[in-house]
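Below you'll find only one chain, the form predicted alone, shown as structure tokens.
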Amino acid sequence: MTEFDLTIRGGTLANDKETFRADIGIIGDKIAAVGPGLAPGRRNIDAAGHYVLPGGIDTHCHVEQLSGMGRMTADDWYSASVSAAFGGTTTIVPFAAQHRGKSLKKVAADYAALAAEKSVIDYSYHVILTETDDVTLREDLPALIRSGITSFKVYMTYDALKLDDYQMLEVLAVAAREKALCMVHAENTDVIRWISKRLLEQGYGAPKYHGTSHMHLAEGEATHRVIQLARLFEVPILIVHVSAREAVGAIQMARQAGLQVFGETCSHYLVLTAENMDLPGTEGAKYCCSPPLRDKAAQDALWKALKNGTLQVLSSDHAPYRYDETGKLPYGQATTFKDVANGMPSLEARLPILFSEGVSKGRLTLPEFVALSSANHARMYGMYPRKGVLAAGADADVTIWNPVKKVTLATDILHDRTGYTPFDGMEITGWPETVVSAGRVVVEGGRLHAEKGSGRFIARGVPEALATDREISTEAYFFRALADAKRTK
């Protein structure tokens, strides 16, 4: 008879397609068996009355990263991974950010070293591309993709990061050839620049005007434009942190036309609105992110898009900048919306918010929650079925949820280092009480049981959207051939 190192017994399990009653038997770092009445293990956890779900995967968070404005995030790999674990997340995939003039190869190597030294849970990373020179696109990026970094992010806004349309085509050609997923921050930079200049000239510098400057049309136009650019090569793209109805509509139309366009939104867009930025003094800076918070109608559109499959993943976009001169307020009370570091801390709150607002309130089924929080991330980023599923042979990443536990979010119960939470006072129903990462019980009884640097690097495979050869048009084949011809000259 097989002896398990750990069994989780008597719970209600869910994957992204079904809910069922079973036990889980774990040996080492793998799930060895899933089924009813498994033999006891050397250690047993009673999950009766609880949900037993795949560990969460957060594929969009900013950790120990210098922003385009030169601000360092409050969280390093240790504090971020601890915060993630307490929130039910067992794998994180943040960004190694290339800044202008920097070697992508060195940026990635330095970032990987930081992660290996500090992370308490499994991890991978994407790269952020700002350079499109030959060394970056012909040597460094392909080498990283082949080593298991099979996704990268590009920006259509921010002066220090943005690519123009020509550069976008260059990187999309690499994505098509190397079978990598291109993640896009889609906002029209010139619309934002034009509005911002006029607002500041007329004295409208308060944080609430951040939302005015990053208006919904800027997001909608850029989303539509990059979809059309991707059609040149018929390469899959993911539009990240979708907030505007116009962007949702552009993605939905593209998918209805058969295009491989995917969408992500974030927990803060589901529960906060632009009104949160309209606070006295600079308090609204705590709620400035890009794209910005929208209105109730946009929230409704996002929930609908999560339900109907227009948007496939829910991430945190954790961007933890302190409410002081190191982050949100570089010029103190004189800081304008244009100078505020964009982003909010939400790594630990991501899954509890989605569970409470989604499952507990009847907006989502349990399998839909699993899809949005874990399984779809694993599929999209080349980690399935190693991760994102409770099945024999998968990594033993398991989160045990108390579905009726009520928690009021507050800074002092969370584990990031930002110093505030934008969700302060929000009551949550449903909480991850026990978290197992790679067979180790890393969170139990409100305490951490994992050492710094004990997380593992996950080399990712080809994203599911690129894993099988799709028939492409003669036109797309021709333009892919043109890109390859340039590469070999």
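Throughout, we count residues from 1 along the sequence that is shown. The structure displayed is predicted, hence computed values, not measured ones.
This next part talks about the form predicted together with dihydropyrimidine-2,4(1H,3H)-dione (DUC), which is not shown.
Enquirer: Check whether R379 has any heavy atom within 4.5 Å of a heavy atom of dihydropyrimidine-2,4(1H,3H)-dione (DUC) in the predicted bound form, and answer yes or no.
Expert: No, R379 sits far enough from dihydropyrimidine-2,4(1H,3H)-dione (DUC) in the predicted bound form that none of its heavy atoms falls within 4.5 Å.
Enquirer: Considering non-hydrogen atoms and a 4.5 Å limit, does dihydropyrimidine-2,4(1H,3H)-dione (DUC) approach H62 in the predicted bound form?
Expert: Contact check for H62: yes, within 4.5 Å of dihydropyrimidine-2,4(1H,3H)-dione (DUC) in the predicted bound form.
Enquirer: So in the predicted bound form, is dihydropyrimidine-2,4(1H,3H)-dione (DUC) close enough to F369 to count as touching (4.5 Å, heavy atoms)?
Expert: No, F369 is distant from the partner.
Enquirer: Using a 4.5 angstroms cut-off on non-hydrogen atoms, would V398 count as touching dihydropyrimidine-2,4(1H,3H)-dione (DUC) in the predicted bound form?
Expert: Because no heavy atom of V398 falls inside 4.5 Å of dihydropyrimidine-2,4(1H,3H)-dione (DUC) in the predicted bound form, the answer is no.
Enquirer: Which pick from T310, N342, S151, S356 sits with a heavy atom within 4.5 Å of dihydropyrimidine-2,4(1H,3H)-dione (DUC) in the predicted bound form?
Expert: Comparing distances to dihydropyrimidine-2,4(1H,3H)-dione (DUC) in the predicted bound form, the residue within 4.5 Å is N342.
Enquirer: Quick check on this chain: which one of R350, H185, H126, K118 has a heavy atom within 4.5 Å of dihydropyrimidine-2,4(1H,3H)-dione (DUC) in the predicted bound form?
Expert: When dihydropyrimidine-2,4(1H,3H)-dione (DUC) is considered in the predicted bound form, the option within 4.5 Å is H185.
Enquirer: Quick one: find which of 230-238, 282-290, 141-149, 84-92 has residues within 4.5 Å of dihydropyrimidine-2,4(1H,3H)-dione (DUC) in the predicted bound form by heavy atom distance.
Expert: So the stretch in question is 282-290.
Enquirer: Honest question, do Y204, Y209 and L329 all end up within 4.5 Å of dihydropyrimidine-2,4(1H,3H)-dione (DUC) in the predicted bound form by heavy atom distance?
Expert: No: no residue has a heavy atom within 4.5 Å of the partner.
Enquirer: If we check dihydropyrimidine-2,4(1H,3H)-dione (DUC) in the predicted bound form, which of the residues in 152-167 reach within 4.5 angstroms of it by a non-hydrogen atom?
Expert: Stretch hits, in order: K153, Y155, Y158.
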